[in-house]
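This text opens with one protein chain seen in two forms, each one given by itself as structure tokens under the names structure 1 and structure 2.
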Structure 1
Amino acid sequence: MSKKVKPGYNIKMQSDYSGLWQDACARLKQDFTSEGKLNEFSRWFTGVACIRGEGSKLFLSLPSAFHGEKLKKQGYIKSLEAHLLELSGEGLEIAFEVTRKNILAAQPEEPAKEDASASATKSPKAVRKDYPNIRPDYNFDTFVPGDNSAFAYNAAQAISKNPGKAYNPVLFYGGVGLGKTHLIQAIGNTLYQNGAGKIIYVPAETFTNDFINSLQTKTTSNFKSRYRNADVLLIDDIHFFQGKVETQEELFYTFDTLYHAYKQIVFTCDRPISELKDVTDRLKSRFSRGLPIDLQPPKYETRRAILAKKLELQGKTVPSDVLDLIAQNVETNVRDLERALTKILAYGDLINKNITVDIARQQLRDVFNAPNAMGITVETVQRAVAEHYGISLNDLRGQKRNKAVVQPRHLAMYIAGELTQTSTTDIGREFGGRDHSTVMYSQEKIANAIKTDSSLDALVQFLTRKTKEYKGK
């Protein structure tokens, strides 16, 4: 695989560190994938996040010191540092912080003393082995329910108390960064702690890839029995199944087997089921069978409470008028709120100054004035581009590869990256569930091409203007 050094990495802000971490992680994932070891990657890196950067150090949050030792021993840290160097041109060292005490449960192999006493009824071995592929900190304690999410939060708790009985299946749907993944994983964490049997959490993309792998390696019977023997099946981002006919077929049978055995099934999706395209009618009818619950962007009071919670979890403080300012100005989603807070905290840490409202206003100026805060979403970009080319939204987002759609798709991904401050993962999700590395590839391709191709550059500028005008149409 050829690896291009990504130009323009200039580490000044915390978001640069986290962007760099995401990109390095994407490359490492690619290495694992090409060696057929994606599971190994998921096992060690799911839930590992970049907390912050300080000079030439990048801090990762890990479930335990043991986890860090393992990562080192297996050479994964060295590989990550090599990717970081390639990407940024700077030697960065990876350091660890153990973030949550309850993360012990996520520990696959470490002898866990607290664990053994907390779950005396279960064999500690089984407890450790079965831990689903989820973030231990995505639990109900760390989720702040508001008007926009109280129904979802209560339903998620009801499911955790009464799996397979309270509501089954359940679908959480809504836009990016509104807490779907957090809630579905909170269900997983709670059920796990309650000893609910075999819990499988899987992004739709992983389910699809697992299925394809099983076809290639003639191990479909293993695949079937793995999923059909689940006691709880949590599938994130089912819009990814659009257009994947064989996977849908497989999921349909998995669904029926589990449903008739009263096993809990939970889905998340970025849109209502009725808006899914290229999903077979019979699978749609299964998806529609349960309780659909939508998540909306939080209102001011909830935004304020979420910010306070995030601070509490990090053991940090910020003057309350600064929190007011952020809560008032970032209206889009919780992920954007988190970003603004991270930026302010990083600024305070780095220059060792107390944050005031004036500093915050100045530091967050570009966040507040960002096109995203003005309401431009990935979908706005998609609509503007699709309209310009006279193609359907579906084709722009879909899997077709003919000339008429490929270039507009690359352009839309690039412009979305420029205008919406949306991560490549989220952009990929809104383009038919593509992987973030695909999005990065498209964005880099356009970024490079416009350097030498002035007519393409003009086209990008035109489409950017059009997108801004399109907003609100």
Structure 2
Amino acid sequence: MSKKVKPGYNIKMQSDYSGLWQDACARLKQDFTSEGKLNEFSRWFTGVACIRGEGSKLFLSLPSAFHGEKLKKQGYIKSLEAHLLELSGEGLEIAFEVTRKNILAAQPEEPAKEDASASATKSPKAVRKDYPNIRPDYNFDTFVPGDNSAFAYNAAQAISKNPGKAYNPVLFYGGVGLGKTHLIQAIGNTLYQNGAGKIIYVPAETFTNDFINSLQTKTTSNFKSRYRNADVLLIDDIHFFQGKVETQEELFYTFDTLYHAYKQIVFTCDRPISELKDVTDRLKSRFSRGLPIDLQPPKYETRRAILAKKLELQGKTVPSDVLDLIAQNVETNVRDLERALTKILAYGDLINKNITVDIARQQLRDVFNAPNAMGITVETVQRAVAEHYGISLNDLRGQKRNKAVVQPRHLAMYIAGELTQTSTTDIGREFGGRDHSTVMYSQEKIANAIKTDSSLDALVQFLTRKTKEYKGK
């Protein structure tokens, strides 16, 4: 049912567009507030109102066309359109109209440069704008599948062709830099460009912040309407939900609403669902329902192909033997490969030299010698130690304090500190959320003990070798 915007305007407005405008404006105000620019927000948006919506356009009331030009020039309109898209899943374009009330309030020296209502007659673009929260280069053409990721890549493409029916829900999980975010955003990019209804892509942290904000502003109905009316819901890094009870409760009901309506749901996580801590069993069961897919570090052939693809996209060239050198020495993930390649390209551009194997080896010696370049993670250490002692990963990471578990746990924490560049805080997180001081105590205890206990020193050396061998399994 239509209603008047404000007394004096006498312009009818559809309630759904009004709600979108109010929510988007509130988000923009938060952006200004966090940057300490609340006065700037008041200056440009006091008196600005939504007067109506027509299809993919939302019309704002402004005091002058000059005011609209300023909003565009400052980039505020682009920010608003991004918030509108995030809220609605639709690419809404903002247009302006100078209303009678605002004309009277306008300054004389601000000429009306154009009748913004004329822009409403423009034909829509054939290609939709890029989804603002998704990197446009994260698409299927720029992803290089290998043995480690072919299953995930093919599943992602199947989802993009038949959302809600091919596989639902889908969970991509694995370590940092293995392509989880690339694939989930490629799904979003493809579906969005194909006009597949209302698509929402958010990191888990954004979902949590949106929920908290809805509680603070008493707009939970808007929050629920936004997420539960999605045709495709893509949530990145769901391990962030650990310990957030109320957010988990809301996600549970959102999941059920979408799942039973045959809407597509895709998650990513940095570990298997069974290893998540402080997540309710019923939400774990929802995460596990459908198709869970593990991504592993890429093998040499895939690493080599990834480097070649990166060069192709940048229009750069590097000698083949240099690419071989990088692919052979950086075994961890795609991000580390990119860092190594970027450093070499930057050196060549800035020094104006052709890159040779000797130059690459010299410039990347720190990268090649870094512990993580060997592809060893905290989880690798945990698995190797747990296997040696015949205990489960859950026991090693858990709260049990019997002798059969405590000593292996101390050793695993020590070796993780030696073989990886992971901070004590992050190591503690990998061991059931322990405090960094607990990790430091364990590492110091082993370090002191091996100085006088040759058998313990030999055991540490053995487990270190076992860990290095285990990384390929």
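When a residue number appears, read it as a position in the sequence of structure 1, where counting begins at 1. All figures in this text were calculated on a predicted structure; none of them were measured in a lab. Rigid core here is just the name for the largest C-alpha set that superposes within 1.5 Å across the two forms.
It is structure 1 that shows the chain in the form predicted in complex with adenosine-5'-diphosphate (ADP).
In the core-superposed comparison between the two structures, residue 277 has its Cα shifted by less than 2 Å. In the core-superposed comparison between the two structures, the C-alpha atom of residue 187 has shifted by less than 2 angstroms. After superposition on the rigid core, the Cα atom of residue 89 is displaced by 2 Å or more between the two structures. For residue 75, the CA shift between the two structures after superposing the rigid core equals 7.9 Å. When the rigid core is fitted, residue 429 shows a C-alpha shift of 9.8 Å between the two structures.
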